[in-house]
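Shown here is one chain on its own, the form predicted alone, set out as structure tokens.
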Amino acid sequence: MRTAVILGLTGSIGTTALRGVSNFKDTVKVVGASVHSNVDKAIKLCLEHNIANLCITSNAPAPSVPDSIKIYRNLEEMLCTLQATVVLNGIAGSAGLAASVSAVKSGSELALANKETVVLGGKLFLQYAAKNKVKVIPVDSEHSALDELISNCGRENVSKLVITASGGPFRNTELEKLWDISPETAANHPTWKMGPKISIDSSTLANKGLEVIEAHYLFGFEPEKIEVVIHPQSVVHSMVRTTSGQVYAQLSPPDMVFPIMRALTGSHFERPAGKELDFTNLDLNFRKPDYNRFPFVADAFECIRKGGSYPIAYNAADEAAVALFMQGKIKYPQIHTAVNRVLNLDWSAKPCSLEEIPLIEKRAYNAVLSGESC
């Protein structure tokens, strides 16, 4: 029996994990969870799924709860107390880095659905995890697939990584019409059910840019050894090119339950985690991304090449620009304009420690808000 803690219980990753674990009750037991703002829903889920420990990471007052649930206010304290087999980090955005650090301190395996941990922390975070002998298991569907493919093929036999992208809802929209897109429309992803910020990032492919940076750090492949292809069906989650010229792919329905349960069970599937892939009338399409339409992807490759703090600036500026768009203060195409102008600033200095990263983030975030980027 493996024990698990779910960080971000009420989000899409957290609720999908609960759905998956319900079919693996003899293999995985959820012993703890965290929530930031949706406290009432989290308590309800804890009661439904017999989760005995809950950390509230905001200043929200804790409602009265049954004695069966212990409330924590310090995430690191809960993780170190429980010492679960695995911690699933489903927290959205840059706040996930601090949670990942706390998970590493507890000694638990880290099932990482928070890509910002690796984008921001880079080698510093991965070295920190290795120093503490903590296994980091990627949970993004693309990186989970790559992890499995590389393991099966052998790292020495893989020449290139191929990351797929759905292209979002506007892959065929006329460019001039992008100015009329509302935050509500941009947050409506055609394939995946996610929160508004990540859905908007998926529509601009900023999210894919983050995944390119993440793949670079996780698997040690340089930019010229990473490809991005548009694949609207989201059935092929990633591929690898081998030195022999062959291509191997990982296919499954577009359901995050598969990579989540791969991580929580330790890759040992005793039964299907979700619905089987139906090949009836299944058409799979692929094409190269148009970087005029999706400039965020090209920006991500350039950030890897430049190094320094460019990946950190990329992520922080995007968070700020998307926030402005969601508030109706800028138009959809101006998300990239703001980020691009921030990336034209000097981010060549590398952080010397994980503690320096929030300061760099703040500078990039504020550069968008203050107009330094404009």
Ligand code: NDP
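Bear in mind that the values here come from a model prediction, so they are computed numbers and not experimental data. For every residue, the number given is its place in the sequence shown, counted from 1.
Omitted here: the form predicted together with the named molecule. The next part is about that form.
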Using a 4.5 Å heavy atom cut-off, state whether Val247 contacts the named molecule in the predicted bound form.
-> no
Should Ser100 be counted as a contact of the named molecule in the predicted bound form, where contact means heavy atoms within 4.5 Å?
-> no
Quick one: is Val35 in contact with the named molecule in the predicted bound form, heavy atoms, 4.5 Å cut-off?
-> yes
Does the named molecule get within 4.5 angstroms of any non-hydrogen atom of Val297 in the predicted bound form?
-> no
With the named molecule left out of view, choose which of Leu205, Ala113, Val212, Val118 has a non-hydrogen atom within 4.5 angstroms of it in the predicted bound form.
-> Ala113
Exactly one of Leu126, Ala92, Ile150, Ala187 has a non-hydrogen atom within 4.5 Å of the named molecule in the predicted bound form; which residue is it?
-> Ala92
Contact stretch among 36-44, 65-73, 339-347, 302-310 - heavy atom within 4.5 Å of the named molecule in the predicted bound form | 36-44
Applying a 4.5 angstroms cut-off on non-hydrogen atoms, the residues of 196-220 near the named molecule in the predicted bound form are Pro196, Ile198
